[in-house]
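Quick heads-up: the structure tokens below are two forms of one chain, split into structure 1 and structure 2.
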Structure 1
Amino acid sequence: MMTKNPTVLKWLSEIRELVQPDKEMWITGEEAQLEELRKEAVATGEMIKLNEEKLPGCYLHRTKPNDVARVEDRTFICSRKKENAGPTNNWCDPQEMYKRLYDIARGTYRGRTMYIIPFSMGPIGSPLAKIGIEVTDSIYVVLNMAIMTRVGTKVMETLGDSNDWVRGFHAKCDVDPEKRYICQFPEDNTIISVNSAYGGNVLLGKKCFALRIASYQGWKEGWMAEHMLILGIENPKGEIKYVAAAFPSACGKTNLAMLIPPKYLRDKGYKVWTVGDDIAWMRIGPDGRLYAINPENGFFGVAPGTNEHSNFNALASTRKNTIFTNVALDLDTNTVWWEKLNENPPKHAIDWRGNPWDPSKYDKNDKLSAAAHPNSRFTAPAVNCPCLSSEFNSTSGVPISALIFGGRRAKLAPLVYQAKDWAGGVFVGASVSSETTAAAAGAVGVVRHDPMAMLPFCGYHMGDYFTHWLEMGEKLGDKAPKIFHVNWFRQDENGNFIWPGFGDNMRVLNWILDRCEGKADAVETAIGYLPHPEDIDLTDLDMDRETLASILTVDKDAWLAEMDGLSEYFDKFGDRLPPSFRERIASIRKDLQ
């Protein structure tokens, strides 16, 4: 027993009685204990130990083919009142859902061990951090949580007798998709996840706590939990400015967070430092500015497409002490492979389903023939990252100069534009749309509205969430970060990306920072401030000004149509939509005419 905290003991005894475990184990965070668990997982086949020389401390795990992504249609916000979950969330009455979930989970730990994982989201003891306890019957979950969060005895010591902690209960049951539920009970600080063993559904510190529960807590307590990466940009004078950026899942947040500047900028002395790649918790600091921490301690990144060129730092982060999920196993070397890791697919490999994979049958256009699942992942410790910020463990967080929203849009949205003010930026965030990706079950490539990239992650009524954003801006006043929108994904008529992306996105970040410091000019348009094409540095880039100019325009008719779609979308939020949004649509329409 690791605690005398009465609220913890009471909850644990309730769960214990329900699931009937054979054994019980508190996760202390000690390496020896984790190593025992790795050995056990290898012995049972739950994990495969990889080549100790090439990939020291690394393991491969395969989930069931029916359990490879988040399941948004089975994710619920169980607030007491339906209207508080809002129109973008599935809702169920909490008492009814508790009963349903308890019935599903009853007795399912028989013959299994109940692992109790105390974890801290954020540096232990930071005023911006929060504590949770996850109970699970999966060693895979324990080992992933031990990478993604700070776990162990120190967390319980820090919690003491407090009741300010999040209850996370996971039971893999039979991994039955028909009985799979991912449920958040925001008013009870509780998460219950059953019948899944895939990352986003079961690493309860991540989307379930750090976004769905925390967004609700932030609303009640006056702070913000956002689906944002955090990065620091160091200029040649050694000054570091931080930005946070929101993109839907699998739109390149990890790539942007770890980007390597183009050579001409590196030569001048520019550097990028990673604070976080997925989630930001932000509070107003003592000086009135907005400060951010990354509540996580590792990266749960998409593997396919990650390579030395696209994301050197992410790949480097995965070369030791990493758990790979649903990638391919190269039998000749006992290492891992995924699409676009390199040009040499393994000759003898096992695909993500566990079947022999024939590279000669691999067809780029047929996702099902891929060796690695399109949403296959690496779970890598943040300390592995060569460009990890020295502020990563800072308890006070980093001051944010700019907030950036982005989506994956083949057409319409320009490469970059700046909102006219905070309220305009909130409107820009609320109007984010993006093509869907493999990170969630369902069709890929369909444009859907995804306000602030939080559509699957907001734990309360999204209209109230917009209002909370507006109120944060009022509190921040002239210390508020500037807000921008970017789109790296514009395509030409042949479906080729126009902007090179990756490290070259630094050119856009530099314009953004120059704007924050009043150093760059801009063109005022109906939707916001756009750069003059000559204000984006194209040094060493194989791109002409006209091509750049073509993605720095505001197409009047397309934007009028966008406003129509947005206006209709906003109807959803009824009388909880901030009235200023309607006024803004009207004024943008007028300015476009």
Structure 2
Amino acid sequence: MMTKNPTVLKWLSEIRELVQPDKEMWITGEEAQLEELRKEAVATGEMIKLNEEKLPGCYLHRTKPNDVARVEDRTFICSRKKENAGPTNNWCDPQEMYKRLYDIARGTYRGRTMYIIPFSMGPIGSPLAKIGIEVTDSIYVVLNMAIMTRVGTKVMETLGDSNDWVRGFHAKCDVDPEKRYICQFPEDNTIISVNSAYGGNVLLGKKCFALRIASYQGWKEGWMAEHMLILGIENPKGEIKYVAAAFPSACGKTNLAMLIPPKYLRDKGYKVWTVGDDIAWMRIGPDGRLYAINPENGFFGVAPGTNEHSNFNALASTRKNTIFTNVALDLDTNTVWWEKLNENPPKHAIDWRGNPWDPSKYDKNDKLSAAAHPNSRFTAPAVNCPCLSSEFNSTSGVPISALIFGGRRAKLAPLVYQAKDWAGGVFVGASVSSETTAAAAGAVGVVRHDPMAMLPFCGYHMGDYFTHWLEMGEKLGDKAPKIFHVNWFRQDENGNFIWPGFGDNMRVLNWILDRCEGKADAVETAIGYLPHPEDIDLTDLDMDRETLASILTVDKDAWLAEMDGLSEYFDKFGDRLPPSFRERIASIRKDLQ
């Protein structure tokens, strides 16, 4: 027994009685214990040990074909009052949902081991960190949580007798999609996941705790849990400034988090340091500035499309002690492969379903013919990342100079603009939208709203969430970070991207930081401050000022139409929408006209 905490012991005894395990194991975080679990997972076929020379400490796991991604339609916010879940979440009465989940999970650990994982989101003992305990019957979950979070005995020592911890209960059950539920009970600090074994639904520290529960905690306690990367930018003088940025999926978030500056800027001495690739927890520090930590300890990245060119640092992070999920197994080398990893598909391979795969039958328009599932993953320790920030384990976090929002818009949003003030920046964040790509189901080019990139992850009413952002700005006052919007995806008339993106996004980040320090000028427009074309450094870039100027424009008619669409979208938040949003739409319309 690792604790005498009465709230922990009471909860564990209730779960134990419900699921009736044969055995129990507290996860201590010690390497010897984890190694025994890896061996057991290999012996049962749950994981495959990969080539120790080429991929030391790495394993492959396959989920059931019916269990390969987050399931938003089976994800619920169970607040006591329906209106507090808001219009963007599925809701169920907590008592009704507890009963349903307990009925599904009852007795399902018979013949299985109950693993008890104490974990810290954020560096153990940091005033910005939070503690959780996940109970699971899956070794896969234990081993992934040991990469993604800080686990073990020290966590329980830090918790002591406190009741400030999140209860996470996971049961694989029969992995039945009809009885699959991922439920958050924000008022009870509780998460329950049944009938899934896929990472995003069962690594309960990930989106369930770090965003859905933590966003609610942050609202109640005066801090922020955001779907944001955290990046340090070092200039040639050795000064490092930090930014946090939020993008909907398929907008280059991981690429920006691990950006490699273009050669010209590297030669001058610019460097980029990754603090986090996905989630930022931010609090006001003793000096009144906003400080951020990455609550995670690893990367849970999408494999297909990751390669040496698209994201060198992400790929390098997977070279050791990584768990791969639903990628292909190269039988000749006992290594892994996925689409766009390289141009050499394996001649003898097993696909993500466990069947022989023939590269000659692969058709990129037919997802069923792919070797790796489109949402296949790697769980890699952050410590593997070549550009990991020296502040990664800082208990006080890093001070944030700028907050950046972005979306994928072919014609509308300029390459970059700055909000006129914090409240204007909150409006910009709430207005984030992306046009659907071929990757998403359905029609291409449809505008999907995703406020602050938090749509599937906000644990309470999104109108209250916007108000919380506005209140944080009032507390920060003149120490608030500046807020920006970027759009790397403007297209020409042939549908080609105009801006080169990837490492060259550093040129835009430099303008953003110059604006934060009052070193760069800007043009005031109806939507915010835009750079003069000559203020973005184009050295060594195959782009002229005229082309750059074409993606720094504000199309009056397109923006008027956008305000109409936003006005209609914001209707869904009813009387909880901050009144300033309506005023902001009216003033932008007036300025445009």
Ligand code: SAT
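Throughout, rigid core stands for the largest set of C-alpha atoms superposing within 1.5 Å between the two forms. Note that this is a predicted model, so its numbers are computed, not measured. For numbering, take structure 1's sequence and count from 1.
Taken from the structure described as the form predicted alone is structure 2, whereas structure 1 is drawn from elsewhere. In the core-superposed comparison between the two structures, the C-alpha atom of N496 has shifted by at least 2 angstroms. Residue displacement note: V142 has its CA displaced by under 2 Å between the two structures (rigid core superposed).
Comparing the forms between the two structures on their rigid core, the Cα displacement of H468 stays under 2 Å.
The shift recorded for the CA atom of A250 between the two structures is 4.3 Å, with superposition on the rigid core.
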